[in-house]
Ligand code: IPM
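Taking the form predicted on its own, here's one chain by itself in structure tokens.
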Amino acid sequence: MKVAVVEGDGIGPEVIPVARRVLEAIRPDFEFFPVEVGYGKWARTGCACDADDIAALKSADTILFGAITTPPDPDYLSILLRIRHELDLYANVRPVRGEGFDILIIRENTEGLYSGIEWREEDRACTVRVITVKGSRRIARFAAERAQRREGHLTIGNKANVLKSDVLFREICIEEATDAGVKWDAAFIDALTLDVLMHPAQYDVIVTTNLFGDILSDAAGYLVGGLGLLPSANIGDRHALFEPVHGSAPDIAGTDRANPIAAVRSSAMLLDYAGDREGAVRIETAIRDVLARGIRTPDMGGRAGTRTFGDALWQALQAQKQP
């Protein structure tokens, strides 16, 4: 399997090598190759991502992706949004697991307020929210299929009491859940976000639109100790990209303080996508073993650096091989 590795900006070059090393320990047969995109490349060359970069990403079987910095510059377009559109990675999958709860947040990934249709006028700035039948149906079907594999319940996050576009989204999600034989309920996204934080054990699979899913999944990071622990996948019909939920965190870049768990868990999702469920379980077991030994990064109340934590993970994986 060919894996494109994008280290990205900020803490990406610190946490992604840890995730890659973990993958190499479990699957030495994988072929890794680097692709450079992002703000660092843009600052150096004036181009953050060109056609050759997109072609390289499309040539991979999967992509391990670090965080990308998007500066407040009107000439700089979001690279991650471009990649999601170019590779048609329409399903964003974010698991949030903790003691007594296991939530899967599925977010439509190519339209909504992140459709990229924006312009600036003299006295206003406009962003168009696009919700299509095609986009809604395929993410609803994806979510319903995931719910079938789990507890069989789908919650549809929406704001149909205010937005006509969400009326369409909710209707299609209900149709797909019903056709799949999946139990469903619908909840307004603001109340839903609060209730997920208060009663996480009551939720199984949640599907919602792009911006709403972005906010909901970040807020859910509170349940597990922060964004440094949350992985994600961006999945399409032909391509898949795996990345930590957190951003590039330039304030701690280069300080060896970044938590690599989100990146490592993203690599576990990559293995699961590739059909290696056993390898994914091994990674999560190694993470639990390292944490149980009291080895934690500063965001978790510990003193271990990124490299130290990565070394401990690698050693835990090696120990699993021992009889």
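The shown structure was predicted, so the numbers you read here are calculated from the model rather than taken from an experiment. Numbering starts at 1 and follows the sequence shown.
Same protein, other form: the form predicted together with the named molecule, not shown, and the subject of what follows.
In the predicted complex, the named molecule sits within 4.5 Å of a heavy atom belonging to residue 80. Among heavy atoms of residue 114, some come within 4.5 Å of the named molecule in the predicted complex. Although the partner is absent here, residue 170 lies well away from the named molecule in the predicted complex, with no heavy atom inside 4.5 Å. Although the partner is absent here, residue 138 sits far enough away that none of its heavy atoms falls within 4.5 Å of the named molecule in the predicted complex. Judged by heavy atoms within 4.5 Å of the named molecule in the predicted complex, the contact stretch among the candidates 145-153, 106-114, 188-196, 174-182 is 106-114. No residue in the set 7, 20 and 265 has a non-hydrogen atom no more than 4.5 Å from the named molecule in the predicted complex. Residue 243 is the only member of 227-243 with a non-hydrogen atom no more than 4.5 angstroms from the named molecule in the predicted complex.
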